[in-house]
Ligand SMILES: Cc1cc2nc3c(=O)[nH]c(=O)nc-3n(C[C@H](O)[C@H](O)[C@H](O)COP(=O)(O)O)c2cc1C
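Shown next as structure tokens: one chain only, the form predicted alone.
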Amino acid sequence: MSGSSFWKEFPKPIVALAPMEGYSDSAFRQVCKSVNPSIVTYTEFTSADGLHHSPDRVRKKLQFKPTESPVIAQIFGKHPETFVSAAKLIEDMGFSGIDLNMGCPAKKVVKSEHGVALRKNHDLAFKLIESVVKATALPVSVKSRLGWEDSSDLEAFCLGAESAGASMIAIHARTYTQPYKVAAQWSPLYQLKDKLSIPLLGNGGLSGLADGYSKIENLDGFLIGQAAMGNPWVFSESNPSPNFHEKIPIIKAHAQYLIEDKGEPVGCREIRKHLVTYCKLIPNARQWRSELVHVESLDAIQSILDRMALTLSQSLPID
């Protein structure tokens, strides 16, 4: 499948794990794919400058397993030459596509004129897209937001991105200035879709597959982000609300994948935030969290999870 046809020919609706810094690493992508093998996954957003200047160090962040495919590598920056260099490396690594981040609202990113700041510089945004499209045979997509303060330039931006060679666009249905507590506004996306000839995906405020299907309307698919944190079952077609006993095998697998990828000291530190979220709704969650935030080995994680399962099954107090 050629780069230009990849997204058009991909089975609809397209359902994807959104790129999330600190969360959508290889371990979490594997977990989400085990719940629903048909989803698309994205890497954490990765610096094009970093890939250009320190490829051996930064490419570790992009490592992936064949079971995660199709997996899209997301990069950010503002320099065409480093985007081109990063694109060639990503193609060599065997990714299914490249996504250009033009929507991240983090202050540090925006201050550097990356991410959503590119919505204020359409010419540069389109130049970046065109440069990457010319440098690789992979499909090039763009992820952005409704706009800076409003969606007044949404159509112009997306039509320009399409003309520059983007083969798919995903839009987070909030502006840069809107906090996440504000409800996502999907109606501009439905209007935009009628103007584009390439697939358009929606993102923002989705609680799971059913919610995504209810909002998709004329769009080609959707991405789920924050709702998947500690809950990869949001992607499940058959069991989106498993009990804790049913969750344990995947939680253990997540810990094992992360520790195998990053080593026990780093992996244990990084899995702690996931473990805390996995158990937030169970009885005595506060007490279990006090143990989970201090785990230092895979054996300790598995032992605590086994005790949690036993305690819950017997309705015993934690002590």
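Numbering starts at 1 and runs along the sequence shown. All of these numbers come straight from a predicted model, not from anything done at the bench.
There is another form of this protein, the form predicted in complex with the named molecule, and it is not shown here; the text below is about that form.
The partner is not drawn, yet in the predicted complex one stretch among 166 to 174, 118 to 126, 235 to 243, 190 to 198 has residues with heavy atoms inside 4.5 Å of the named molecule: 166 to 174. The contact with the named molecule in the predicted complex, taken as any heavy atom within 4.5 Å, belongs to Phe45 out of Tyr278, Trp288, Phe45, Phe28. This chain is displayed alone, yet in the predicted complex one of Gln226, Ser112, Ser152, Asn218 has a heavy atom within 4.5 Å of the named molecule; that residue is Gln226. For the three residues Gly3, Trp7 and Val132, a heavy atom within 4.5 Å of the named molecule turns up in the predicted complex in no case.
Contact between Glu21 and the named molecule in the predicted complex is found at the 4.5 Å heavy atom cutoff.
Taking the partner from the other structure, the named molecule in the predicted complex has a heavy atom within 4.5 Å of a heavy atom of Gly205. In the predicted complex, none of the heavy atoms of Asn231 sits within 4.5 Å of a heavy atom of the named molecule. Contact check for Tyr180: a non-hydrogen atom falls within 4.5 Å of the named molecule in the predicted complex. Heavy atoms closer than or equal to 4.5 Å to the named molecule in the predicted complex belong, across 143 to 158, to one residue only: Lys143.
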